[in-house]
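Given next, in structure tokens, is a single chain: the form predicted on its own.
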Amino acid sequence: MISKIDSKMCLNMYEQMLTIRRFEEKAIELFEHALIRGNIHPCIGQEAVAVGACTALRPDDFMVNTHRGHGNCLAKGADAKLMMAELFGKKTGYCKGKGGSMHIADFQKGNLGANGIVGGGLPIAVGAGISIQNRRTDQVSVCFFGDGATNQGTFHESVNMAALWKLPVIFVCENNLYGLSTPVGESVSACNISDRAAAYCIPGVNVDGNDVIAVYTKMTEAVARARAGEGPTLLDCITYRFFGHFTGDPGKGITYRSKEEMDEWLKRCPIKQFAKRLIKEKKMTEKTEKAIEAAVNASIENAVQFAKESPLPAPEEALQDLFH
């Protein structure tokens, strides 16, 4: 229940969700003006999963991410300026301009990095869980992945190992109903992705991924279970991406999603829904809402300006920071 969460946390979650939305919108705009090279995989529409899940974490908890991971990075505490600089391929970016959109990492905030390979992050999250267990800390390791990744061998191997050894890993499926253009019902045999947890004797939970409070509540329970040494949890967060798979994919009409389907999900926009709830329950006024929006817009413009003014890496830097 939103009434049980203090206003400061609620406003912070709203601001984070709006920051993610504006960051992604700006990234698409910059891509269309050829200021960002390489495709962008927007997470617009999925903001509640990132924010709800990461709000339940501590700064020293670990996170492994996906190619559609800008929102998760920001929710885990990443600086929008350094992220934007990375998208621009600038020296001041998180990976010195070498990682780009799909490989942002921020070790100081526990972000072990995104992975362009579907399902590639799952074993990394389990490795972090083994590290936690061996070091006897009470950290947790969180892995974000899409519905398509649950058909990869890495998913089953990772969940099996985490369950067998009771590792402090939370598996968060950002289930936007499509693996690129394939509907989840045409690629997953189970009725729900969460049903797959039963094969490994761990909890599998369905969550409304457009409800940030629902995600936060279930994530808090999973984190507490992991910290207590009770092992992993699989969260199946049902959500929807409002854009195509990437910036070159229209994602609607005669491709693979109908206008009617998209219109129905647009009505369930997680940010608009949350704003209405906050105002209704008197945790946010319309004046505060406008002030947050103005501050967020200014922060994104500052990030773009920082990225534009930052230097490109020198040619010889291409051979630095490599493993031989």
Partner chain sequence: MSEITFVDALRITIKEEMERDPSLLLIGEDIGRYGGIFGVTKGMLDEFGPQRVRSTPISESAIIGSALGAAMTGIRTVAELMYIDFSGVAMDQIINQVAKMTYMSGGAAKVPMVIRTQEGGGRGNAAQHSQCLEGLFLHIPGLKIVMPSNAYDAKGLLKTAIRDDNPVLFIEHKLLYAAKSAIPDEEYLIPLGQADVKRKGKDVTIVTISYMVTVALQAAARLAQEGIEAEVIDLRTLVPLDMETVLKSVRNTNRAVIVHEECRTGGFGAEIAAQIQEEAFDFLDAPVARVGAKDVPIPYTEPLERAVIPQEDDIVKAVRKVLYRS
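Everything numeric here is computed off the predicted structure, so don't read it as measured data. Numbering follows the first chain given and starts at 1.
Only in words, not in the display: the form predicted together with the partner chain, which the text now covers.
The three marked residues, 103, 126 and 164, each reach the partner chain in the model of the complex, with a heavy atom inside 4.5 Å. This chain is drawn without the partner chain; in the model of the complex, the residue among 247, 131, 220, 206 with a heavy atom within 4.5 Å of it is 131.
Contact with the partner chain in the model of the complex, defined as a heavy atom within 4.5 Å, holds for exactly one of 177, 199, 224, 117, namely 117.
Proximity of residue 5 to the partner chain in the model of the complex falls outside the 4.5 Å heavy atom cutoff. Taking the partner from elsewhere, residue 92 is found to have every heavy atom lying beyond 4.5 Å of the partner chain in the model of the complex. Taking the partner from elsewhere, residue 137 is found to have every heavy atom lying beyond 4.5 Å of the partner chain in the model of the complex. Contact check for residue 112: a heavy atom falls within 4.5 Å of the partner chain in the model of the complex. None of 235-243, 72-80, 95-103, 206-214 except one has non-hydrogen atoms within 4.5 angstroms of the partner chain in the model of the complex; the exception is 95-103. Taking a 4.5 Å heavy atom cutoff to the partner chain in the model of the complex, none of the residues in 196-230 make contact.
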